[in-house]
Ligand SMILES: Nc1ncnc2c1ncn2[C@@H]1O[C@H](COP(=O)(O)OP(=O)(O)OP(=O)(O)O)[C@@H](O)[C@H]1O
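Here we start with a single chain on its own, the form predicted alone, put down as C-alpha cells.
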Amino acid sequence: MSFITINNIWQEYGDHVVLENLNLTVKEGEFCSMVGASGCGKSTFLRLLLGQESPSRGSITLDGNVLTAEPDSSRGVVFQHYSVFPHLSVLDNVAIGLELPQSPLFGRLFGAKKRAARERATQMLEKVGLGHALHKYPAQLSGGMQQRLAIAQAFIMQPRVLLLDEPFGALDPGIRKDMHALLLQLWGETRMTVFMVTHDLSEGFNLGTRLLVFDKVRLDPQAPNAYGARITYDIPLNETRLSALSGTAQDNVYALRG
C-alpha cells in the first residue's frame, strides 16, 4: 500500500512553471534519492513535502490523509546549511526538540521530565559520535560534527518522513563517507521514509533504494519558464544499477553530472 501519493502536482509562480504533472507513489521505509540539473524543482518538491508550500494544482497524501499545509512532527528536515541554534550547547540543541512540544509556553521542561529528555538527547548524540562534545557550542564544532548535530536533531524527533536537501554538499569526501555510513545506520534502525536531494550521482546510487531523476521534457527557447520538470526516470536501486541501464537512460543520467 502506498504511504505517500503524489497526484498530478503542478507548482507555478505566476508564469514560471517549476513542476508539472508530477506523479509518484512511495512505500513506507523507502529511501528516495533525487537528482537533476540545478533549478529543475527538486528543492521545491521537498518544500511541498515539508508543507512550507502548497501545490498550485494536484494533491499530496501521507498515509491516506491530505498533507497538512504546514510543517509538523511527522516530517523532519536536514539542510546543507545546518539549522542549529548557535547560542545553545550541543546537548541543548538536541534536547530542545523534545522539550518544546511538551512545554510550548516556557520552551523548557523541569525535574524528572527534563532529566529524561536530556538522557534521550545524550543517547542520540553518543549514537552519532558527539558524546564527547555535549557541552560545546556549534561554533566550536567542525563542519562534519555540525552535520552530525543536525542529523541528531532530526532523528531525535522520530519523524515518519525525513527530508534531506543536499545534506553533505559542503563536506570533504572523507567526512561525507562517514556521514553516509551514519545515515544508513540510523535509517536501517528506524526505517523512516527518506527523500534526499543530491548533486552527487554516486551518492544518490549508493544511499537510495530508488533514484528519482528530475528533468524538463518540454522546452521552448522563446519561453524558458513555460514548462516545468517531471520525474523522467524512477530507478529501483535494489534491482537496477547504473551498469544495467539501457543506453539511452544511462546517457541521460550521466548528463546530470554536468
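In this text, all values refer to a predicted model and were calculated from it rather than measured experimentally. Start at 1 and count along the sequence shown; that's the residue number.
Another form, the form predicted together with this ligand, is not on view; read the next lines as being about it.
> Any chance all of 25, 30 and 161 sit within 4.5 Å of this ligand in the predicted bound form, going by non-hydrogen atoms?
Replying inline: Negative, none of the three is within 4.5 Å.
>> I'd like to know if residue 193 sits close to this ligand in the predicted bound form, meaning any non-hydrogen atom pair within 4.5 angstroms.
In response: Outside the cut-off, so no.
> Might residue 232 be said to contact this ligand in the predicted bound form, defining contact as any heavy atom within 4.5 Å?
Replying inline: Residue-level check for residue 232: no, no contact with this ligand.
>> So in the predicted bound form, is this ligand close enough to residue 37 to count as touching (4.5 Å, heavy atoms)?
In response: Yes, residue 37 sits close enough to this ligand in the predicted bound form that at least one of its heavy atoms falls within 4.5 Å.
> If you check in the predicted bound form, is residue 18 within 4.5 Å of this ligand, heavy atoms only?
Replying inline: Because a heavy atom of residue 18 falls inside 4.5 Å of this ligand in the predicted bound form, the answer is yes.
>> Just to be sure I understand the contacts: of 43, 56, 206, 61, which is the one whose heavy atoms reach within 4.5 angstroms of this ligand in the predicted bound form?
In response: When this ligand is considered in the predicted bound form, the option within 4.5 Å is 43.
> Of 169-202, which residues get within 4.5 Å of this ligand in the predicted bound form if you count heavy atoms?
Replying inline: Contacts from 169-202: just 199.
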